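Next up is one chain by itself, shown in structure tokens, the form predicted alone.
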């Protein structure tokens, strides 16, 4: 049935479009994996992610006044007329990341085409940010607008996600996918927006293992953001706080939330130095500590993810492993040397650091 719908949709759109042909445009954005530094970006803290060689690709032609997009990974096509008034009401739901960007840009011209991805959907590897960035690049192209800087693109797409989904995400996902550097992780100060590439040694390998689907919009993500904001009322910006001041927070739950953010910022700084010095033993230990804090202080891991992390750590040659992304499911990230044999792990894939989103 889906194949018949797709065939009919493509023929229908081709007929409508045949009198107004234009050049085929391809926009592509990588996903990202966060090596260390989760739930710090929306507090203006430090993160150390990398763009990865798994992509969302949008292939389309200019199409006046509308957005028509067929997905290789979703059964329902997107068919929306410009201007977009309320992206949060878009159906199908995956199309909200597209209409959210169009809403922010307020463009007159849309596009028709298709989108595909090699990122696992709901895996915590920023498939949504990759779709937003690909959309933004496509809309800039079909509207003959100059391509913004990586930071400007990331800020645009972050606003789009806030409006379209209601998830109060930080800047990490969009900025990593926009500003990726081949062969490097990115140290990002999410307050100053300073991005510093940190080379990953050639003999160090990064793997992600898909554990379980997650739905961030329906998770407790927004609740965690609110709890961190309440902690800041007591001790000031968590990005500047020290562990000693966290102990002054009276509420035990807020104290644990703040302890994670403050401790995670310090772990990112130490991990960056270890990576620069190629001290992967220390880097792996910090990854492990990060997972413990996400599990115990921030409570965003799951028993499935904990078990996957423990299994990965037991493999010879593995430096460290942790959950990655917002939590409540998704993927874990594993950093290992060339001797580690991870082929028996279900859902594991080797990923490499790549450049950011682009028009091909």
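Positions refer to the first chain, counted from 1. Nothing here was measured: the structure is a model prediction, and the numbers come from that model.
There is another form of the same protein, the form predicted together with alpha-D-galactopyranose; it is not shown, and what comes next is about it.
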Based on heavy atom distances of 4.5 Å or less, which listed stretch (34-42, 309-317, 331-339, 54-62) is in contact with alpha-D-galactopyranose in the model of the complex? 34-42
If the cut-off is 4.5 angstroms on heavy atoms, which of these, 113, 170, 77, 87, is the one near alpha-D-galactopyranose in the model of the complex? 170
Taking 4.5 Å between heavy atoms as the contact cutoff, choose which of 210, 94, 207, 221 touches alpha-D-galactopyranose in the model of the complex. 221
Does residue 49 make contact with alpha-D-galactopyranose in the model of the complex, using a 4.5 Å heavy atom cut-off? no
Proximity of residue 325 to alpha-D-galactopyranose in the model of the complex, heavy atoms at 4.5 Å: yes
